[in-house]
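Only one chain is included here, represented as structure tokens and corresponding to the form predicted on its own.
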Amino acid sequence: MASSKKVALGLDFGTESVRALLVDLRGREQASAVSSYEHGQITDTLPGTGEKLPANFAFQHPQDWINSAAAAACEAIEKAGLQGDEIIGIGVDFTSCTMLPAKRDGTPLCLIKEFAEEKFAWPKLWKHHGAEKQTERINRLARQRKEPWLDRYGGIIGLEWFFPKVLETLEEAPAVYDAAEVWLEAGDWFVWQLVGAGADGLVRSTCQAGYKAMWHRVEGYPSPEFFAELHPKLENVVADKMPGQMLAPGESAGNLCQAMVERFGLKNSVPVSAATIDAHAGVPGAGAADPGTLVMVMGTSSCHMLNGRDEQSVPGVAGVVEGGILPGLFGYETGQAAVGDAFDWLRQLAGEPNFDRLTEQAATLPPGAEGVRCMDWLNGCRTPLMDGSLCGAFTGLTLGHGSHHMYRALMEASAFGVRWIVELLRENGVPVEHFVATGGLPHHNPLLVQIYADVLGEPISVPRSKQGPALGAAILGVLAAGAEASSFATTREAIVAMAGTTAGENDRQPVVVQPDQDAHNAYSRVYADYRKLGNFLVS
């Protein structure tokens, strides 16, 4: 007998693992499970060959995405005691820009014997930084040609984006470029595999394309003339190697194919949403349905999303996309390239098994870490400078300082980066009225959230759910299922019901971290040091 319960499955793809979250239509978690990728981040040697990779390369194995997602989904369904027929829709969020070359039948080039030992045939993880010179050329040419799309991205294209990585492959491994029949984001590839469609049924996410591949709802991608001037073989890259229908997150990309129904432990086929960027899923997952709320999705890196009613040009933003986050609004994306991974780097450098001692000692220090200053560009600067080649720094160190001083200074620098971003948005006419912190870090590191609140001088809400992006992905799955299946008439209605703070439900009320005014005043002086250090490092 079929179950009358209605549940959504959210698949949240991170850098190391995928999380499967099952929630009902009131946002109540039924179960979740995490499955790590067998190959993790491929940053040292190429699988099967032992070839040493350059320090700025980062790949992933595409089969890991399917295997880990299926394993996590099956485990979550078993934990929840579900039969598999309760799920009405599936949503997917993915790291971006993680991308790969494939054949028209969806086979990644790296899984073909001919190309398995060619590193440029492998999916490039979002943090792959091998396309530095290609990024510089794209920006230089766009400025020379006065390309109008450049303003939508704050006047500069990022190192981690789609077309720099395509151009890198074309120049470094032309045989791989020639053999690639489809270039696409990993999130789109995964959804493609779920629905089992041919190339004609491939769906591309407007979120991923808009923020990472310079796509516009009206203007499309940059012109063939631009691409031809960049490299003659790129002239028709969009027409020849980028098939697919553009759909927004929450729109149905098709129904789960039978092979995946069985792999994922379901009893019937269900609609699958077009993918979204992992951090962007944190916006509906945090219950942020209205403009003016900056949602900080804090993990390995951080993305900050904000919906506005109007389109404004802001220097250094990672993109302004109409409907890029929620329908009917202009989605602004900014970000920081190193946050959680920078903290973990320092932990390892200090020889600490975990963060307990570092955090306890750092909490005893006053604002300013007793003179230690830090620039948090340990993986380049995303916003506002969009320069992946920049390096971080520590200053003011003496023999009297310890690793906990550096840790405190690094957390403060991360907060200063957000303050710089907020100032830029406000100075350019984009209202920022409320702050929400979600992702893994806010729940595991209350000291960090307090430092952010003190630096900004603003209260920060931390949703109770520790599954922000996964919950957001599940909401997209519900939207893909349609109003008949869910009874939600609008996107806002679904977000409020599944992620909002319903009166009387205390377990769903967010934790609100209030700023300390004395600390804020002290941090304003230290922030001036941060900006001076930044100016010195880029001069």
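On a predicted model such as this, the values are computed, not experimentally measured, just so you know. Note that the rigid core is defined as the largest set of C-alphas that superpose within 1.5 Å between two forms. Start at 1 with the first residue shown and count on from there.
One more form of this protein exists, namely the form predicted in complex with another copy of the chain; it is left out here, but the text below deals with it.
Remark: none of the three candidate residues (L202, A259 and V270) comes within 4.5 Å of another copy of the chain in the predicted bound form, counting heavy atoms only. At a distance threshold of 4.5 angstroms between non-hydrogen atoms, S4 is out of contact with another copy of the chain in the predicted bound form. By the criterion of a heavy atom within 4.5 Å, T135 is excluded from the residues contacting another copy of the chain in the predicted bound form.
Contact annotation for H401: at least one heavy atom lies within 4.5 Å of another copy of the chain in the predicted bound form. Remark: S461 does not count among the residues lining another copy of the chain in the predicted bound form, judged by a heavy atom distance of 4.5 Å or less.
Residue in contact with another copy of the chain in the predicted bound form (any heavy atom within 4.5 Å), chosen from G440, P431, G396, G196: G396. Only one of A102, A369, L378, L82 lies close to another copy of the chain in the predicted bound form, with a heavy atom inside 4.5 Å, and it is L378. Residues of just one listed stretch (313 to 321, 171 to 179, 388 to 396, 282 to 290) have heavy atoms within 4.5 Å of another copy of the chain in the predicted bound form: 388 to 396. If you take 332 to 357 and check each residue for a heavy atom within 4.5 Å of another copy of the chain in the predicted bound form, you get A338, D341, A342, W345, L349, A350, G351, in sequence order. After superposition on the rigid core, the Cα of F394 moves by 2 Å or more between the shown form and the other one. Taking 2 Å as the criterion, Y221 does not count as shifted between the shown form and the other one: its C-alpha moves by less than this amount when the rigid core is aligned. Comparing the forms between the shown form and the other one, the C-alpha position of G351 differs by 2 angstroms or more, with the core used for superposition.
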